[in-house]
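Just the one chain here, the form predicted alone, laid out as structure tokens.
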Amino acid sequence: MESIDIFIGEHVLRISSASSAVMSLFSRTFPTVIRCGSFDFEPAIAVHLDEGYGSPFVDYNVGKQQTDTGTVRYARTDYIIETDEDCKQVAIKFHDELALKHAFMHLYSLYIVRSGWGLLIHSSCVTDNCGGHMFTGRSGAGKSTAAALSESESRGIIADEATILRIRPDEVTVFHSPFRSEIQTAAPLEPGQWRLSSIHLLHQAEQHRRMPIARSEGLIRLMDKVFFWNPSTDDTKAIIGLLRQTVHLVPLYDLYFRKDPYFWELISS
């Protein structure tokens, strides 16, 4: 049996498998994940991995089933997650690298919503001296493009696909995210958090322009940007509550941009 301890957000996850090949695949799938090193942390989540399940990805539909032993099983064609209600003891079986990545995003999103800690948002996120700035929008709006254009000596990319939000009553903070799409190595490989200073819904355009969004409208427009699979009524209420806190604390904007970094003049002004 092999195991490693990793940080995601403020949480320690203990990853284990009977297969060294599976552990190597995990490292390749999440190359920017932060390892705990020699520190003695008690894990928040213990995850056992096993490969050889199912068939390749078909769609995002996930079935949910309560088992006779009191656990909950989430199944897609290419992965299955079996967990206790608190998502603390978890077994994942997966088909391939894509399935492993999506299963981990599924698990972490479940855990942080159920614990009231925060949300996983389909977005990129860039940090500067003033905090974090999140970029989201419909598919193809330019989340990864905006992140790539933003990188400089004074700005760093901490997410290009899924931003981790820690939501408190008085502040929203963001963390380095191992859930990457294209930009795998840009983030610092050490723990850290940044205050979320702004949220931008992206639109590609001929001219740079930024328009404020009302809180009520922002909440509605962010709902479908939350990574969450097959929510119950309680899960939906929890997500809405966390989004309501977020839009109350963080200003939202429509950002119209072309493919050059000068849109930052609107953000930094």
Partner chain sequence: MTLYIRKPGCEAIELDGETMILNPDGLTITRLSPVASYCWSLLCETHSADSLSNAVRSHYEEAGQTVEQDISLFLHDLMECGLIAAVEK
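In this text the structure is predicted, and so the values were computed from the model without any measurement. Numbering follows the first chain given and starts at 1.
Beyond what is shown, the protein has a form predicted together with the partner chain; the following relates to that form.
Peer 1: Hey, of 211-219, 59-67, 23-31, 41-49, which bit sits against the partner chain in the predicted bound form at 4.5 Å between non-hydrogen atoms?
Peer 2: Heavy atoms within 4.5 Å of the partner chain in the predicted bound form occur in 211-219.
Peer 1: Would you classify M223 as touching the partner chain in the predicted bound form, given a 4.5 Å non-hydrogen atom cut-off?
Peer 2: Yes, M223 is a contact residue.
Peer 1: Does any heavy atom of T233 come within 4.5 Å of a heavy atom of the partner chain in the predicted bound form?
Peer 2: Yes, T233 sits close enough to the partner chain in the predicted bound form that at least one of its heavy atoms falls within 4.5 Å.
Peer 1: So, in the predicted bound form, is I240 in contact with the partner chain at a 4.5 angstroms heavy atom limit?
Peer 2: Looking in the predicted bound form, residue contacts with the partner chain include I240, since a heavy atom lies within 4.5 Å.
Peer 1: With the partner left out here, check for me: in the predicted bound form, does some heavy atom of V250 sit within 4.5 Å of the partner chain?
Peer 2: No, V250 stays farther than 4.5 Å from the partner chain in the predicted bound form.
Peer 1: Counting only non-hydrogen atoms and a 4.5 Å cut-off, give the residues of 54-85 close to the partner chain in the predicted bound form.
Peer 2: The stretch 54-85, when checked against the partner chain in the predicted bound form, contributes no residue at the 4.5 Å heavy-atom cut-off.
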